[in-house]
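Presented as structure tokens, the chain that follows is alone, the form predicted alone.
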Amino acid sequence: MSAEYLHKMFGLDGQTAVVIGGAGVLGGALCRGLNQAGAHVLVADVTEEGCKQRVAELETLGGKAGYAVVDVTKRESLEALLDAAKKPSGRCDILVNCAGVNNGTAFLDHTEEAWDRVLAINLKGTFLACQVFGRHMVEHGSGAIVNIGSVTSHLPLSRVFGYSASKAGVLSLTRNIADDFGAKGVRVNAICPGFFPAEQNRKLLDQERIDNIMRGTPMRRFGEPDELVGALLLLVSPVAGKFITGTHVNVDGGFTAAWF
């Protein structure tokens, strides 16, 4: 299989991609993957310093990148992000919704404030971003949106009730938007990662929890952030992924397969 063929299938030359949550561990890997495939990547996150560091990394790798600070709970902030994304080419081709927070408490101790924050960022933020960027993509008749779900979109997991509910909502939202956008040239899919030691779950990973996760994961290890990139490139590719919409890819070392 030639490099030319692979580039034709998965290359993103000339496309603009926005990664919301791009300053984080998993979002950073997705930024690198899109960038190395040829896309101009706009890193979007809540802190300017994190965005700047990610852009510097991408530029060191030879890619084209910019950044914008965003609050996913505010429509006007996302509209400003879209305006920034349109500057290189007049449009945005790819949106990745990777912003997320978690809260690890027993159900009866889970506060309303914690619940509201998790749902506002993980679910409402995804809804707003899909609506703002989706409208733009529909107007242009093409585009790809990838939302980041979780194994908890499918399965219960102790002490992450708000997170699990939000990610189940993200998966349902993905399917519904895909149905709405299907005839309009815009594809909407999700990636459901298994256990990756990212910011929002590190503090929850005591030894007992790690042991339980490993027993339920056939590959008996955590995921590496770059192992999400292949699924992402398939789903956003206008060639390799052009007939894929309304679905999800589990990247979880077999965790969900072991349950079902």
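All of these numbers come straight from a predicted model, not from anything done at the bench. Start at 1 and count along the sequence shown; that's the residue number.
There is also a form predicted together with a small molecule; it is not shown, and the following applies to it.
Only one of 26, 65, 34, 235 lies close to the small molecule in the predicted bound form, with a heavy atom inside 4.5 Å, and it is 26.
Checking 129, 98, 190, 94 against the small molecule in the predicted bound form, a heavy atom within 4.5 Å turns up for just one residue: 98.
Partner proximity in the predicted bound form, defined as non-hydrogen atoms within 4.5 angstroms of the small molecule, places exactly one of 143 to 151, 178 to 186, 83 to 91, 106 to 114 at the interface: 143 to 151. In the predicted bound form, residue 46 approaches the small molecule with a heavy atom inside 4.5 Å. Though the partner is left out of this view, residue 121 does reach within 4.5 Å of the small molecule in the predicted bound form, counting heavy atoms only. Interface membership of residue 71, defined by any non-hydrogen atom within 4.5 Å of the small molecule in the predicted bound form, is confirmed. Contact between residue 163 and the small molecule in the predicted bound form is found at the 4.5 Å heavy atom cutoff.
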